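In the block that follows, a single chain appears as C-alpha cells, in the form predicted alone.
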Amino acid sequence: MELTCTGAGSRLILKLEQFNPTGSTKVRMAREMILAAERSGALKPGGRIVEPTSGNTGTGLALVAIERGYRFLAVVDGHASKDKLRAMRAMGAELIMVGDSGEGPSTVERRRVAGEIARDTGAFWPDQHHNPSNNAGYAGLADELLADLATDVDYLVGAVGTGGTLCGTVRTLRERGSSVTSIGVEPKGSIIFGGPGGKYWQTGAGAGAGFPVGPNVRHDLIDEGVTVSDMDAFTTARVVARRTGLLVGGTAGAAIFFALKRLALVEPGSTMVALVCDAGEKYLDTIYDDAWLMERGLLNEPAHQRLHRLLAAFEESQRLAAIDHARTGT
C-alpha cells in the first residue's frame, strides 16, 4: 500500500504483513523453524515445543503446532498484548507467565524459564533469537516485494527485534541482485544498537539490559540503525489509522515514523518500503486507547499534529509538482 509520495516521485510503500495467517509476519519464520527441526530430527512426532515470546512468534508456533501435531508452551509476560495471549490460549497453547508487567518486557527471565523447561522436559526450544531458520523464513517476503513492486527496493525500513524479518529479507533481496539500503528501527531503551537499556512499551522488538542479542541480528546487513521513542511510534500508528483507516502495530509505527522523516531526503524517484509486521487490532486496549497512553505519559496532541502536517506537506508537494508538470511538460 502506498502511504504517501513526494513531488520528486519518491514513494513510501507499506508491506502489510498482517494479512498472513495469525495476523503477523512471524508465522513465516515459525513454520520454517519447525520444518527445519523436523528435518534435522530435533523435533519428533507428537513432541512438545517451548518458546519465550511477546506474542506474534507464539501465535505462529501455536498454529504450526496445530498443523503438525505438537503441543506448544509459550513463556510470556504481562507486557505482551492481551489479545495475543488470548489468541494463543484459543489455539490450545499453554502459557507460563513471568515477570512484572509494570517494569517493561521480561526478556531475560522469559529465556531463563524457557531454557529450564527445555532441559527438564526435553521439549524442543526453537530459540528464535539464535535459530538460523528464523532469517531463512523471510525469503518469500523478499520475493514478494520484488514481484509486487516490479522494481528494486531502494530503502527497506523495519524493526529489528530477533533480526529475522529485516535481516532475512535484506539477505534475500541482495542475493536476488537488489542494491537495497536497510534501516533497522528499535525502541529507545533497546540495547541492540548499543547504549544502556531502558524501559519501553513497544512489543515484538527491542532487547532489554542484560539480554543476549543473538546472531540473527546481522549488523553487516543493517546499513543504519536508529531508535524511535514509544510516543513517536504510537503517535504515528494512530495518525496512520486516522488518515487511512489502516490499523498497524507499534513497531510498524516506529518504522513508518522514521521512514516519513527520511522520505524527503532520499534520491528523487526512490522506492522506500516500511515493514508492517502485524495489525493494530491487537493493540486497541493499549496504543489506540487514550487512557492507557495518558497513564504512561505517551499521549501528545502536538506530536499528532506535527505528523498530520508532515503528511499534508507531502500531499502539497505532489500538487505543486503536478502543476509544474502541466506548465512545463517535464
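Counting begins at 1, following the sequence as shown. The shown structure was predicted, so the numbers you read here are calculated from the model rather than taken from an experiment.
The same protein also exists as the form predicted in complex with a small molecule; that form is not shown, yet it is the one meant from here on.
Only one of 300-308, 64-72, 51-59, 34-42 lies within 4.5 Å of the small molecule in the model of the complex by heavy atoms, and it is 51-59.
For the residues 160, 207, 237, 170, the 4.5 Å heavy atom test against the small molecule in the model of the complex is passed only by 160.
Mapping the unseen interface onto this chain, residue 164 counts among the residues with a heavy atom inside 4.5 Å of the small molecule in the model of the complex. Contact check for residue 138: a heavy atom falls within 4.5 Å of the small molecule in the model of the complex. Residue 287 falls outside the set of residues with a heavy atom inside 4.5 Å of the small molecule in the model of the complex. Contact annotation for residue 274: none of its heavy atoms lies within 4.5 Å of the small molecule in the model of the complex.
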